[in-house]
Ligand SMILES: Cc1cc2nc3c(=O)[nH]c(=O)nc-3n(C[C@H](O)[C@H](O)[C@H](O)COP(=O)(O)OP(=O)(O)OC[C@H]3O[C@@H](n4cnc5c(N)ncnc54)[C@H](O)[C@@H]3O)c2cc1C
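Take a look at this single chain in structure tokens; it is the form predicted on its own.
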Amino acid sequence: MASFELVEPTNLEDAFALLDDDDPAVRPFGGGTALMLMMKAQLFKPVRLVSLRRLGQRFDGITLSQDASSFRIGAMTTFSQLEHSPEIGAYLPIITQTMKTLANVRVRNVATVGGNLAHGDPHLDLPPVWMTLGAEALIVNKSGKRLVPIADLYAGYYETTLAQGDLIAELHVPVRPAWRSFYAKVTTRAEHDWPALGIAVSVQAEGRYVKDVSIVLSAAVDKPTRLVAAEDLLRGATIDEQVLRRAGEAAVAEVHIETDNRGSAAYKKHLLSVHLGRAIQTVMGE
């Protein structure tokens, strides 16, 4: 591994000064779990890494609003903090559920919310979950700040819409008591391995009647993707086997799935049609 400079600024002004807008070999990082793997594989050769771990303030911690309507989650919050937060478990149980099969304890102790979002790998478990929950990222740079829906962070395979000088500072996640959510991690290997596909589902329902729904597919596509056609079919429908079958068919028809080492395109299309129906049934409490 080639030598590089590691710096740990203690404020945003210093961090921005250390991030060269014109040099892609200068990168910010959170936990570094994915970054170190890319460096070891010689896929990325940095000249300077800017650690965000000492920035504090808005980059740290989990805060539930006074009226319990939303969470503010700092970008440097680790997965273990999410996993063991009583408030997250009470108000966003899908996060606690997802953590059970997300990598391993060593990774969860180090990996951060912001770094995970910025990495852009479509196989990651949390981005589709944040999307279906309606979360937004607060992006800061030298010019100011902006709120961006998580769906708008991704442009393609390992591609994000973040500019060289952008930093994810925090995540804003609404609490929606009338909604229920579930993440289906479908893997052909060990349960903690990369998924062949991931399906995040949030439903607002009355009995078997779907008032509203959000579905996001990951891993089998080049970026986390809303299944709009399947949502339109389910929204306003009463759930039965026929509706679930039609939703699965609509989902398969609206996305492009490619063959990789986790399965053929045909196999993953079959997984999608089957597991979408199961995820809907699970979130409906059936």
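So that there is no doubt, residue numbering starts at 1 and follows the sequence shown. Not measured: the values here are computed from a predicted model.
What comes next is about the form predicted in complex with this ligand, which does not appear here.
The partner is absent here, but in the predicted bound form a heavy atom of L37, alone among V47, A253, L37, A68, sits within 4.5 Å of this ligand. Taking V173, L124, L197, L92 one by one, only a single residue has any non-hydrogen atom within 4.5 Å of this ligand in the predicted bound form, and it is L124.
Segments offered: 164 to 172, 197 to 205, 81 to 89, 142 to 150. Contacting this ligand in the predicted bound form at heavy atom distances within 4.5 Å is 164 to 172. Although the partner is absent here, D193 sits close enough that one of its heavy atoms falls within 4.5 Å of this ligand in the predicted bound form. By the criterion of a heavy atom within 4.5 Å, T132 is excluded from the residues contacting this ligand in the predicted bound form. Residue contact with this ligand in the predicted bound form: T101 places a heavy atom within 4.5 Å of it. Although the partner is absent from this view, T33 contacts this ligand in the predicted bound form, with a non-hydrogen atom inside 4.5 angstroms. For the marked spot (L227, H270 and I280), a heavy atom within 4.5 Å of this ligand in the predicted bound form is absent from each of the three residues.
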